Each structure stands twice: as structure tokens, then as C-alpha cells.
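Coming up is one lone chain in C-alpha cells, specifically the form predicted alone.
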């Protein structure tokens, strides 16, 4: 079956400092059989590649003029690996140690909070916990944490605007050569 592509251009949203994840996922969820997604972005959406891989899509990324990217997501025919990575990694209810590091990323533009959190986890020891405050739920962060073997817990604070995520460093972190 030949794949037809639905175009989604999130460059205007990104240039305005917005978060296009919901728009992308709405488009993905509306795809029919044999349909793929052609995404246009201002940067290579590496975290999204992993998210859509877990939903059964392969990708082909191509850099355009000016550093922008076109990514074709095609249905692979493979079943989804994980429909909700946030709940899958929530872990048991066992107590976690107090966070060793606290980050306030609420004033940073995407993808800076994700990059800052991942960079910080690289210098932490297995079992240590990182606390980060964000202005939205970090949906792109969850598959990156899972890939690195970390666990996390998160939710919105009582103010309804601040998302707090706790990241516990996994046993295999930092072992890549």
C-alpha cells in the first residue's frame, strides 16, 4: 500500500514560542489507514521521532534550506510499543529520595527545558533524583528518559500552571561510550 501524507506545518507555532505537540498528535490520531504525516519544523524534532516510533511510525528526516526540517512519518505496520509513556514509567509507589538537584525551567522556550534536564541527568549518579518545574507537561521528555533508563513522576501543581517532574536516575545512565 502506498502511503499518502497529511501535511502539518508547525514552524509558525515554534517561531511564536508555542508548543505544537498537541496539534501534531491530533493530526496523527486523525490519520487513516495508509496515511502518514509530513511535518515541517524549525529544528529536527528528535524527541518526536521516538514518540511516533512508539506509536508504530517510521521516519525519514530531511534538512531544508535555512536549517528547517521536513520529516515524513510512515506507518510501519508494527503495533504500538507504548500508548502512554508517562503512565508506563510512573513506577511503583515506593518512596523516592529527596531531589539532589532542582531546576526551574518555566521561563525557557522549547526545547531548552528538555535539553537542560537531559544534560543535568548526565552528571547525576544512579538513584539520585532531579526535580524540575515546567510551564507545561513535558511529553517529549518522557520517551527520552525511558530510553536512558530513568524513571519519572509528574503532575501539575495546585496552581494549575506549573508542571513538576521528578526524575530518578537509572542504573544504566551514563554508560554509553
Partner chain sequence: MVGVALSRWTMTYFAVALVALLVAECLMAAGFGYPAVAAGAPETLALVHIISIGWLSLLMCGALFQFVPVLVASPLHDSSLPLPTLGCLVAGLIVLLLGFLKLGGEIDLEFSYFPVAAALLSLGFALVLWNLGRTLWAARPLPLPARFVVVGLFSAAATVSLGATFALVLGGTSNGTLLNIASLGLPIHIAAGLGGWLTCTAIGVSYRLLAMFMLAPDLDGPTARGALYSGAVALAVAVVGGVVAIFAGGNLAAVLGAAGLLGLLAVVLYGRDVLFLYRARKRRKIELNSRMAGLALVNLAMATTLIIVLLGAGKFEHHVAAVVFLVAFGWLTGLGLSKLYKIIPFLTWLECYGPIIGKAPTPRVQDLVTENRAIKWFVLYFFAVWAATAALFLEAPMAFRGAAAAMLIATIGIVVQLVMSRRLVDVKAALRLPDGVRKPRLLFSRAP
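Numbering follows the first chain given and starts at 1. Just so it is clear, the structure is predicted and the values come from calculations on it, not from any experiment.
From this point on, the text means the form predicted in complex with its partner chain, which you will not see here.
Novice: Is residue 142 close enough to touch its partner chain in the model of the complex, meaning at least one heavy atom pair within 4.5 Å?
Specialist: So residue 142 counts as contacting its partner chain.
Novice: Even though its partner chain is not shown here, does residue 107 get within 4.5 Å of it in the model of the complex, heavy atoms only?
Specialist: Although its partner chain is absent here, residue 107 would touch it in the model of the complex, with heavy atoms inside 4.5 Å.
Novice: Is there any non-hydrogen atom of residue 11 lying within 4.5 Å of its partner chain in the model of the complex?
Specialist: No, no contact at 4.5 Å.
Novice: Looking in the model of the complex, any heavy atom of residue 119 within 4.5 Å of its partner chain?
Specialist: Flag for residue 119 set to yes.
Novice: Is its partner chain in the model of the complex close enough to 50, 137 and 154 that every residue in that trio has a heavy atom within 4.5 angstroms of it?
Specialist: The answer is yes; 50, 137 and 154 each reach its partner chain.
Novice: Answer with one of 129, 61, 27, 133: the residue that has a non-hydrogen atom within 4.5 Å of its partner chain in the model of the complex.
Specialist: In short, 61.
Novice: Report the direction of the Cα distance change between residue 50 and residue 110 in the model of the complex, compared with the displayed form, as closer or farther; the change is 3 Å or more.
Specialist: Those two alpha carbons end up farther apart in the model of the complex.
Novice: If the C-alpha spacing of residue 109 and residue 60 moves by 3 Å or more in the model of the complex, is that a move closer or farther apart?
Specialist: Distance between the C-alphas of residue 109 and residue 60: longer in the model of the complex, by 3 Å or more.
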